[in-house]
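There is one chain below, alone, in structure tokens, taken in the form predicted alone.
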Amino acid sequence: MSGLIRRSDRGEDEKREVTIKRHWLDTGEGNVLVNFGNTTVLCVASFVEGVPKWRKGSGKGWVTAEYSMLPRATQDRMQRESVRGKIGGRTHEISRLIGRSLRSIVDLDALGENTISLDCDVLQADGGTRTASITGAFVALADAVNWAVSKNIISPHRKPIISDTVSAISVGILSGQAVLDLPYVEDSMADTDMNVVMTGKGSLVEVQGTAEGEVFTRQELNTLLDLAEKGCMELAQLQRDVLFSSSPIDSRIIAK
């Protein structure tokens, strides 16, 4: 590994252990607890009648998200943003990212004028909170759509309501080596930091990359995207395994 030793003896192309637990709560039309290593996020999907004012009369639904971190999600306690009286720019940015990512694979016409709201609350943060949020929120979203279909609130059309899975993972360059799925200790030292959102078919939804310490080359970018694709394909398979194993969702909801 070019002299680079990662924690837990992971190879540069190995992600952390990822688990997705459905129905973790008794509330919410869909909810999961997702772990990316020590990063833990609770994702809850609420199916709500109606859409924002600017969307009324369109016949289309809406998918939105809110992201937050608990005060002791990190080593030092953070004051709640609600107490400070102002939502931070990072929180807004991640909330919008989650919403955009999920809307990319949902047939909003099929939802009718209904809204699915995703609440992603970070219980413990060790890097990759936004990627874990997107990956877990997708499963919660699928369960919420499944709930609405089972209640005859919405009906599957000729095409699946959800066109594909969507997941996200981090990649970066650490000590000159491209690596997959960085925990905080690696992320804080990385020369390049990148978050990649992809569908299960390998299409890119969003790429957020920054040269933190040193600039990176086009060749390095390609290497990072290849690593991200590998990680996202593994996450997509995990999402499908989780959704179609115990208490499987309606097969008409998501494309095989």
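Just so you know, these numbers come straight off a predicted model, no measurement behind them. So that there is no doubt, residue numbering starts at 1 and follows the sequence shown.
What comes next is about the form predicted in complex with another copy of the chain, which is not displayed.
- Residues 34, 50 and 255 are none of them found to lie within 4.5 Å of another copy of the chain in the predicted bound form, as judged by heavy atom distances.
- Out of the listed residues 174, 111, 73, 149, 73 is the one that sits within 4.5 Å of another copy of the chain in the predicted bound form by at least one heavy atom.
- Although the partner is absent from this view, residue 244 stays clear of another copy of the chain in the predicted bound form, with no non-hydrogen atom inside 4.5 angstroms.
- Within 4.5 Å of some heavy atom of another copy of the chain in the predicted bound form lies at least one heavy atom of residue 119.
- Within 4.5 Å of some heavy atom of another copy of the chain in the predicted bound form lies at least one heavy atom of residue 124.
- Within 4.5 Å of some heavy atom of another copy of the chain in the predicted bound form lies at least one heavy atom of residue 88.
- Residues placing heavy atoms within 4.5 Å of another copy of the chain in the predicted bound form fall in a single listed stretch, namely 96-104, out of 96-104, 150-158, 134-142, 174-182.
- If you take 214-228 and check each residue for a heavy atom within 4.5 Å of another copy of the chain in the predicted bound form, you get 215, 216, 217, 218, 221, 222, 225, 226, in sequence order.
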